[in-house]
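One chain comes next, on its own, written out as structure tokens in the form predicted alone.
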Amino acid sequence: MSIDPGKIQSIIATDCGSTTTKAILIEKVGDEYRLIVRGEAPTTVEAPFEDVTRGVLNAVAEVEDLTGRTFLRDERILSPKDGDEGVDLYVSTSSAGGGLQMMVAGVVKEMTAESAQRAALGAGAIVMDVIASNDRRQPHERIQRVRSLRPDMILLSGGIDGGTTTHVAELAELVAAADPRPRLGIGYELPVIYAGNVDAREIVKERLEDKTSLVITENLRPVLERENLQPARLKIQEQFLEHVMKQAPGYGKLLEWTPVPVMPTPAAVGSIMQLIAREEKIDVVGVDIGGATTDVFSVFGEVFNRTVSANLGMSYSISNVLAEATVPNILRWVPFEVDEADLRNRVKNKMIRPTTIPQTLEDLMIEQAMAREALRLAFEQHKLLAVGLKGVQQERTISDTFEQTESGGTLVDMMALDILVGSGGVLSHAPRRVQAAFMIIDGFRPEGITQLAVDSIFMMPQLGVLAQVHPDAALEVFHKDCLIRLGACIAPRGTAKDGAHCLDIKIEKGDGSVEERSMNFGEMAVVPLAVGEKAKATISPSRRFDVGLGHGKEVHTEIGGGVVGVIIDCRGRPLVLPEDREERVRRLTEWNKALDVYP
């Protein structure tokens, strides 16, 4: 079915999540596309239903109830439209059944194996393990690892074109010896994608063609100085649809209902992020903090990266957050005395009752402290993977685009970042929007001038898959109904003694009113500026601080408002909280009061 975007007036988009299936109805209202209504239902991929389409039908039935219209006929979504019934287009994403779980293999861990990991993560996969010739494991240990993990797919890479083929042959032999069984379905062969040295293709075919469903694509790293990830990413998504999804209960039916390939949920979020960055020529960082995992996405200078912190979440994985962050790091964000045993009990309760929500203000503060640390740890992991190419002197194009920072050449430059978008229950459903803004600031530590936003109801996956066929509709709904703009964050880089002068700021609003503030180091403040409102800002930092143009350099810029306003954060970067407990509690209480975070 060919799709003419000009003829599409109505769209139903679903996202089959691991626990909930969400359906949204988008329609053309006048000259623009808008979100009309949203429905949801439990995902039905497991027993007793074992048919993902039941959850989809139930979610769409709720959309029918809310609109009083008909979208279903004969146990399926009616598309294309028939008179007044049905919709012009149906699209879907999915992470039901645990999403796409992959293993990647490469010759050198820090080079081709890392490129393979970036390719898999960008395609929406959870990378279960990275196998490399130099990973210091014995061959039998690697074989056992492949057998025990049972991935959905393996991405095999290694070597530049024309280089040695020995190590690639060894990796292929290792996969063949493991003879891996897929996680879903017993009657089909495991997909293996080879994206390595072209000279080793025949060797790989010889070793793997009879034992696996082998697909060969372009080399991820044809030369040391360049990555070529897109062909491998497209093959991963193709194989995911062809092999993995069709084995999951009910997916065969779902694939028949939509003319657009069903995308893995994280790949769809990455798609909308890249579209925004490209259309608006901006650098973007986004996060989805869920119950089990935290995904971080970034686009800097058109280079897209995604990481999955598979053990950092706010319910199923909350004990891992406590273990990785450590008790002192959690408690440094809590402005009252908490016994360590009490904290551990609260965390364990949340893990075994994942759907519970905070009942008291103390519960809320502790949960939001946990979220800060989960975001911080996930972002640290992201920065480690979003790096320039290792093992080479980088090409001029890359070194011109990115200022290599002290953290090992990461492409993430917080001073260049334009917008930070948060999503996931703990951010989207925070009782006050300022709480979401504060968690994002403390987790990501933005520098200079950065716009903050949250996804209102987490519809980025549906918009990401819609963007494949109708980017204009996806962008319109994203800006008008999906994003809730929190406001701008102004955070100077640098440190000083407490109380030392940090910056002067003058904000001239559209109505002619002027706000002026003189801020000292360690202070925070909010200047009201409404959604859609623009203001001229003159920021004069003292000689120790930098807001984008260098230490002590005055910045003249236009800033946008939001539901919170303009947050001025003079706590310094890097952000260091006082060691003394009483002083820290005093400071936390001060900041919460300045931003009106809690009642």
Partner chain sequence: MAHAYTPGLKVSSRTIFRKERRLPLKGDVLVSVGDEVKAEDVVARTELPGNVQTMNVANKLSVLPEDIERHMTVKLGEWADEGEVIAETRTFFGLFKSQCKMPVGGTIESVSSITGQVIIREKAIPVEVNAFVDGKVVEVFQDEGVLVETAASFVQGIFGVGGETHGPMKVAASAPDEVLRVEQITPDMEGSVVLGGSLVTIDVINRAREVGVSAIIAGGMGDSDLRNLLGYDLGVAITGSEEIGLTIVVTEGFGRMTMAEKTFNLLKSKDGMKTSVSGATQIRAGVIRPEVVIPLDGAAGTIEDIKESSSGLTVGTPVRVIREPYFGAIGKVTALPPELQVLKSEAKVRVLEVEFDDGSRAVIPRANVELIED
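Just so we're clear, the structure is a prediction, and the values are computed from it rather than from any experiment. Numbering follows the first chain given and starts at 1.
What comes next is about the form predicted in complex with the partner chain, which does not appear here.
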Can any non-hydrogen atom of residue 40 be found within 4.5 angstroms of the partner chain in the predicted complex?
yes
Can you tell me if residue 201 lies within 4.5 angstroms of the partner chain in the predicted complex, counting non-hydrogen atoms only?
no
Hey, in the predicted complex, does residue 234 get a heavy atom within 4.5 angstroms of the partner chain?
no
Can you check whether residue 189 is within 4.5 Å of the partner chain in the predicted complex, heavy atom basis?
no
Are all three residues 225, 227 and 575 in contact with the partner chain in the predicted complex, where contact means a non-hydrogen atom within 4.5 Å?
no
Interface residue in the predicted complex among 381, 258, 311, 274, criterion: non-hydrogen atom within 4.5 angstroms of the partner chain:
311
The one option of 345, 518, 148, 513 with any heavy atom within 4.5 Å of the partner chain in the predicted complex is 345
Of 456-464, 161-169, 415-423, 381-389, which is the one stretch near the partner chain in the predicted complex, taking non-hydrogen atoms within 4.5 angstroms as near?
161-169
Though the partner is not shown here, which residues of 58-82 have a heavy atom within 4.5 Å of the partner chain in the predicted complex?
none
